[in-house]
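Shown below, as structure tokens, is a lone chain in the form predicted on its own; questions about how it binds or moves come after it.
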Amino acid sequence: MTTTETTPIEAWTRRVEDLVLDLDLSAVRAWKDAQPGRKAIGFLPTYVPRELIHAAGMLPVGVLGAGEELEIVRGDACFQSYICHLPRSVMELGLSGRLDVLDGMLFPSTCDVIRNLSGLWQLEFPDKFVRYVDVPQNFDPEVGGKFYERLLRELLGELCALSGKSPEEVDLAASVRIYNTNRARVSELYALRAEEPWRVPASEAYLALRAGMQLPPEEHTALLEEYLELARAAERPMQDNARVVIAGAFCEQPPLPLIRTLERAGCDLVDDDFMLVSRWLGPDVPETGDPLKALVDAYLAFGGEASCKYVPDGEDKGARLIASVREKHAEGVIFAAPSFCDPALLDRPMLQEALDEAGIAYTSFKYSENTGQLQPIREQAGTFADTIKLWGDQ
């Protein structure tokens, strides 16, 4: 009988997966217990300005649902059946006490369901800090910019009132620098994955990003650096897989088994829209001048695309998806959207039309964060990968 020794990268993966799947948020509790009086603020996908929470002395915590780990009972009673799974899952986490460690919640502008979830949260948890965080869909600095700057200043003041700090003593510039470093490591991770996907499986990269939803940004940056070093040193054979881009998973995150299923089906996921909060601002936020104004300007300048973000007049829908395919040398696109996700599913026909015109292959399916349809998805993705490899150049 032979014993297979665990490699360093396998040990890293197991450790981080335990962190990610811990619905009791033990890492957050440990952070708060280390210094009595600390506070933690939860947030939902897709984007919130985490720098403000950090600068106010609190821990930003991503609340991404329970996946397959929790049976939904009370959460189902709060919503109708024809919406995505995420809000029911989040309500179940809250009503079961698993989110009691959080001192407040931010609900970003994503869709009507998330807006309604913020109202329900206020009713169910009247003693908690709750804010719906709107974002501009007009990117004119004199219109959307001024609106967003006013909103961020108000939000920073409210967060400081909760933490006990005054806005005058907050070092927002330091928080911007810390998150710039974190975004740089995330960009490095994505670049290595696109260049050598056999070294950075999407499932491991996904774990690395999700771990950052429970850790202080400084610790998460160190975790990313550890993984990058291990990935570059690991001896892994190059695979002749299909290079694909994933689109549509910007809000409700796919379950980890789904990503592993796509990998087993022969797909190298060289780009995606998972965990956009880690990449929303794109290049570094300027570290000179007013840091809050810098966050506003970075948001307005962000060129990424998501179904919850308005495409300004004069820009072609799907142009940025096509650019991602070209830049990452992808061979096709997989549209993976949560069931009943109106923004993603309404966007899909327009994006598919753009891909048709560009001659880019694609396939599509829907999932839920607690999906049990992995075998049909694996067969569909495997057929798509085989088709690309056999006839992609014809």
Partner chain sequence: MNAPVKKNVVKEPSMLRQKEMIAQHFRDLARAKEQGKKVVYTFVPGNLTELMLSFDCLPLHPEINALQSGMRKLSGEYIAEAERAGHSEDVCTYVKCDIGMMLKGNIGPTGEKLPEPDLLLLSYTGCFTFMKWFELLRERYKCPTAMLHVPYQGEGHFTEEQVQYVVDQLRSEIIPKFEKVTGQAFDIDRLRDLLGNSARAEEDLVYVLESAKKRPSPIDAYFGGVYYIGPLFTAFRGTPAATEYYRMLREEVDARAAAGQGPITPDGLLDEERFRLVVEGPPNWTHFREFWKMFADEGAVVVASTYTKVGGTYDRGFRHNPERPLESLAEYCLGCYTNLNMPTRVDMLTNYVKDYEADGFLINSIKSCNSFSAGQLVMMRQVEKRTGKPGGFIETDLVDPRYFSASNVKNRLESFFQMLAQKGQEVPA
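What you see is a predicted model; the values in this text were computed from it and never measured. Numbering follows the first chain given and starts at 1.
Beyond the structure shown, there is the form predicted in complex with the partner chain, which is absent from this document and is the topic of what follows.
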Worksheet, complete the sentence: Note: exactly one of Y206, W280, F147, Y190 sits with a heavy atom within 4.5 Å of the partner chain in the predicted complex, namely F147
Worksheet item: Pick from P312, P257, G164, P286: which has a non-hydrogen atom within 4.5 Å of the partner chain in the predicted complex?
Response: P312
Worksheet entry | Contact of S339 with the partner chain in the predicted complex (heavy atom, 4.5 Å) | yes
Fill in: the partner chain contact at K39 in the predicted complex, heavy atom, 4.5 Å
no
Item to complete: Tell me, yes or no, whether S175 is in contact with the partner chain in the predicted complex, where a contact means a heavy atom of each within 4.5 Å.
Response: no
Item to complete: Give a yes or no for Q122: in the predicted complex, does one of its heavy atoms lie within 4.5 Å of a heavy atom belonging to the partner chain?
Response: yes
Item to complete: Work out which of the listed stretches, 320-328, 220-228, 269-277, 135-143, brings a heavy atom within 4.5 angstroms of the partner chain in the predicted complex.
Response: 135-143
Worksheet item: Among A77, S109 and C308, does every residue place a heavy atom within 4.5 Å of the partner chain in the predicted complex?
Response: yes
Item to complete: Using the arrangement in the predicted complex, list in sequence order the residues of 342-356 with any heavy atom within 4.5 angstroms of the partner chain.
Response: D342, P343, L345, L346, D347, P349, M350, E353
